[in-house]
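The chain that follows stands alone, in the form predicted on its own, written as structure tokens.
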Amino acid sequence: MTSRIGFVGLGIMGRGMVKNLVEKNHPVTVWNRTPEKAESLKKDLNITIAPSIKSLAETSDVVLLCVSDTPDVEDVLFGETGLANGLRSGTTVVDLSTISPAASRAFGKTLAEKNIAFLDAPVSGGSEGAAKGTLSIMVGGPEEAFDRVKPILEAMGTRITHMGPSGSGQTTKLMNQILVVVNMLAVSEALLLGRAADVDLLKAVRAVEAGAGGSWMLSQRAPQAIDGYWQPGFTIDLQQKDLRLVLESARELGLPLLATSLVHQLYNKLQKDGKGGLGNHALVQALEDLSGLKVHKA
């Protein structure tokens, strides 16, 4: 029996996810805080727009969320007009947002009291991965609920991993975010060294990307920095939200995350300069300001 899917959150990631669900023949009903985004998507896809978030909850077997931050998830779930007012016993809620692991555990416990399964299932792969259906999805929560929704997740991603109990998906995503930003710091420094030595940067990237220093960030984001293309696959503002979650978790666990803290400060500088809407690969611009060099030759 095909599950009726409700989807909340049609931002840069959510739109791509909905597209892939529909193209793989999943029936999808959507709700978005900005109705215009839902109407715009309906012009291109065979979706139903719910008149209210409660209505979406009442008519869905599985509800997927993709919103910005912990307070947004809490409001969507438990606000005065939130999903919890309409969710039926036996429904599964899958949170694709990146939020606090501790909050995910708390949300899961509260919903379990109503016989509603909750999975924290943050994603990685940027807007490109959302559009292509190639996301990596890291899932925490009850294994039986994971097994039920895995075919749905496979419509949006190519690597779906059950990480363990509630909150473990979010912790895995925070590990991913450390790797993303520290890797981009290394990419930025490498590009600046090459520019200072007057090396052909694009040729250098292609020369080293298949070796031990290769990475997705190098292959995908370095050419964009070289070209001066700063459109976001993932914005600095959203990256900073994730780094705040990383550093909060590190504080709770008593961990010194030195490189992550440094990147957080460099992004602070870019946000102060009004660049929070740029792609996270614009980290290189903070180092350009410090060095007096430009990776991109205008």
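Predicted model, so just to flag it, every value in this text is computed and none were measured. Each form is matched to the other, and the largest set of C-alpha atoms that superpose within 1.5 Å is called the rigid core. One rule holds for the numbers: they count along the sequence shown, beginning at 1.
The same protein has a further form, the form predicted in complex with another copy of the chain, not shown here; the description that follows concerns it.
**Student:** Quick one: in the predicted bound form, does every one of N20, L64 and A298 get a heavy atom within 4.5 Å of another copy of the chain?
**Tutor:** The answer is no: none of the three residues contacts the partner (heavy atom, 4.5 Å cut-off).
**Student:** Which one, 69 to 77, 84 to 92, 192 to 200, 113 to 121, holds residues whose non-hydrogen atoms are within 4.5 Å of another copy of the chain in the predicted bound form?
**Tutor:** Comparing against another copy of the chain in the predicted bound form, the contact stretch is 192 to 200.
**Student:** Between A131, A186, A155, A103, only one gets a heavy atom within 4.5 angstroms of another copy of the chain in the predicted bound form; which residue is that?
**Tutor:** Of A131, A186, A155, A103, the residue with a heavy atom within 4.5 Å of another copy of the chain in the predicted bound form is A186.
**Student:** I'd like to know whether T161 contacts another copy of the chain in the predicted bound form, with contact meaning heavy atoms within 4.5 angstroms.
**Tutor:** Yes - in the predicted bound form, heavy atoms of T161 and another copy of the chain come within 4.5 Å of each other.
**Student:** Considering only heavy atoms, tell me if A145 and another copy of the chain come within 4.5 Å of each other in the predicted bound form.
**Tutor:** Contact with another copy of the chain, no.
**Student:** Indicate whether L257 is a 4.5 Å heavy atom neighbour of another copy of the chain in the predicted bound form.
**Tutor:** Flag for L257 set to yes.
**Student:** Can you tell me whether S249 touches another copy of the chain? I mean in the predicted bound form, with a 4.5 angstroms heavy atom cut-off.
**Tutor:** Flag for S249 set to yes.
**Student:** At a 4.5 angstroms cut-off on non-hydrogen atoms, which residues of 195 to 223 are near another copy of the chain in the predicted bound form? List them in order.
**Tutor:** A196, A197, V199, D200, L201, K203, A204, R206, A207, V208, E209, A210, G211, A212, G213, G214, S215, W216, M217, L218 sit within 4.5 Å of the partner.
**Student:** Note yes or no: does the Cα of K173 move by 2 Å or more between this form and the one not shown after the core is superposed?
**Tutor:** After core superposition, the displacement of the K173 C-alpha between this form and the one not shown stays below 2 Å, so no.
**Student:** Using a rigid core alignment, state whether the CA of V22 is displaced by 2 Å or more between this form and the one not shown.
**Tutor:** V22 C-alpha, core-superposed: shift of less than 2 Å.
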